[in-house]
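Okay, here we've got a single chain as C-alpha cells, the form predicted on its own, with questions on binding and movement later.
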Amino acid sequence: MDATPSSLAVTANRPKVTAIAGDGIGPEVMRAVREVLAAAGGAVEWEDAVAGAEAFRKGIHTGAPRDTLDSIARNGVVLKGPLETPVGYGENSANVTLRKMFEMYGNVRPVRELPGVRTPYTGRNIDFVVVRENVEDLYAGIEHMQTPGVAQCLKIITEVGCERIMRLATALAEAEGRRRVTVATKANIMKQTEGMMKRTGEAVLRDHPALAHEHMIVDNCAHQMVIRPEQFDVVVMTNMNGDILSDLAAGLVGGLGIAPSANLGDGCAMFEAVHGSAPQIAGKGVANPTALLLSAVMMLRHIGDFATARRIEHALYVTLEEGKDLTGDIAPPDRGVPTAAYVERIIANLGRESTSVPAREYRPIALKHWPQITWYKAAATRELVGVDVFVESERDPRAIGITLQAAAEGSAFTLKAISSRGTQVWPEAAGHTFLVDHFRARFMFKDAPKGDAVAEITDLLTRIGRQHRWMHLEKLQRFDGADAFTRAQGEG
C-alpha cells in the first residue's frame, strides 16, 4: 500500500510511525513485532503513544489523549495493538474514535490461507480481501429513543462515501493483480441506502473494464463465503455488513488471532490486529503476535518498503510450514512455545522463501486524494410532495386515522397512510401487524407548495400536537423527478 510523501513524517529516510501497544497482550505482541522488524531491517522510527484502557482510567472520554492524537497527525502512520473499553470507564470505543477523527474511511482485511494453520477449509487456497466502508452507516452512532419502548438508529449512507470505498477497492484490486470485485449489499430491502452502494459501485466499476464485477445480496454473500469461499477476490461492503462478514471470513482461515487489517484515509493509515486484548493470558508470555506482524507487513508496503515486507511474510510462512516453535493457539496439542521462542524462529527464517504459498506481487495502491471540502450534490429539480410525521399513541390505527384526518382538515395536507414498523396499518390492509406505540403518518400536499412550505408544515404539526405526541418528521421529496423515499409494506 502506498502513501503520499506528505502524509509521512520522515527522519533521515526512516519513516516515523506512531506505536500504540494497547491493552492486555498488546504490549507483548507489539514488542515481538518490533523485534522482528528490527531484525529484518525495517527502516522505521517508532514514536510510542497511549490509547485505550489507560486513557479511560485517566478520565479521557475518547480513550485517546491529546498527545496521541498529535503524534498520529504528525506521522500519518500508526501500528496499533488491541484496545479495550473497561466497564465503568468512558463510553466511546477508542478504536472507532481514532478511525473517525482521522477519517480513515477504508478498512482492508486480507483473508488468506496460512500454511500450517489447520481449518476445515485447509487446501481450498482461500485468498481474498474484504474492503469495508469504515466511518458511516449505522456506525455514525446517531440514535434516539422515539418512545420509552422504541429506539431508532439512523443509517447514514452517502454517495461520496460509497465512491471513496469503491475507488479504494478497485485500486487495491489493481495493485494486487486481482481480477474480480464483488459488491455485496442489502439493496433488495434498503433501496435508498444499500441501493446507493450498489448503484455507485456499478458506476465506478464501469471505469475499470479489466476488472470483472458482480453484485451479490449480502446474506447470500455470507452463504457463499461458507460454501465456496475460493470464488472471491475482492469483496466491498458498507460498514456493518463488512464488520460482520470480515469476521466470518477470518474464521475461514484460522480466526481473529491471525487476522491483520488496515484502516486507510487521505492523511492517515492505521494498521492493527483484529483480535481482542485477551486479558486472561496477558503477561504470561504466550500471546501469538501473528496478526499484528501481518498488519506490520501491510504497513511496510504502505510506506514503500516492499522488500522487508516480503522477507518478514515469507519468514512467517516458512515458520508455519515447518510447524516448529509455534504458540499454543496454533501448535499441535501440548507443543506450544512462549512468544519469545516463536519470534526467535521467525527471525531465524528471515531470508528463506516459502514454496507452498502462491506468489503475489504487490504494487503501490493508487489512492485518489479527496479534497477537504463540504461535499454537495445538486439536483436539477427538487419537489416537496409531503411529510412523514412520527407520532406516539396507545390508540388503534383506526382511531389514530380519524384524529389525524381531522387534524389535516383545512390544512395544506391530506392523510395518505399510517404505518407501524414499516407496514401499513391504515387504511386497513389484509393480514395482522403487531402494534407498538410508534406510528408513521404520511401526509401528502393537496397542491404543490411554493418554497420550503415551513408555515404549512408548522401548522400541521401544531394541529397534530393537540392530540398526539410527535417525535420527528421527514420531508418527502423528489429529486430529478424520482421519489426520494420508500413506501411502507402494503402502501399503494
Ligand code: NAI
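These numbers come from a predicted model, not from an experiment. Residue numbers run from 1 along the displayed sequence.
Omitted from view is the form predicted in complex with this ligand, to which the following refers.
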is_contact(residue 272, this ligand) in the predicted bound form, heavy atom dist at most 4.5 Å: yes
Interface membership of residue 354, this ligand in the predicted bound form, 4.5 Å heavy atom rule: no
Residue 329: touches this ligand in the predicted bound form, heavy atom cutoff 4.5 angstroms: yes
Residue 85: touches this ligand in the predicted bound form, heavy atom cutoff 4.5 angstroms: yes
Among 391-399, 220-228, 287-295, 195-203, the region lying within 4.5 Å of this ligand in the predicted bound form by heavy atom distance: 287-295
Residue among 277, 246, 71, 419 with a heavy atom within 4.5 Å of this ligand in the predicted bound form: 277
Heavy atom within 4.5 Å of this ligand in the predicted bound form - the one residue of 347, 216, 385, 256 that qualifies: 256
Residues 104, 135 and 302 all lining this ligand in the predicted bound form, heavy atom within 4.5 Å: no
This ligand in the predicted bound form - contacting residues of 186-217, heavy atom within 4.5 Å: none
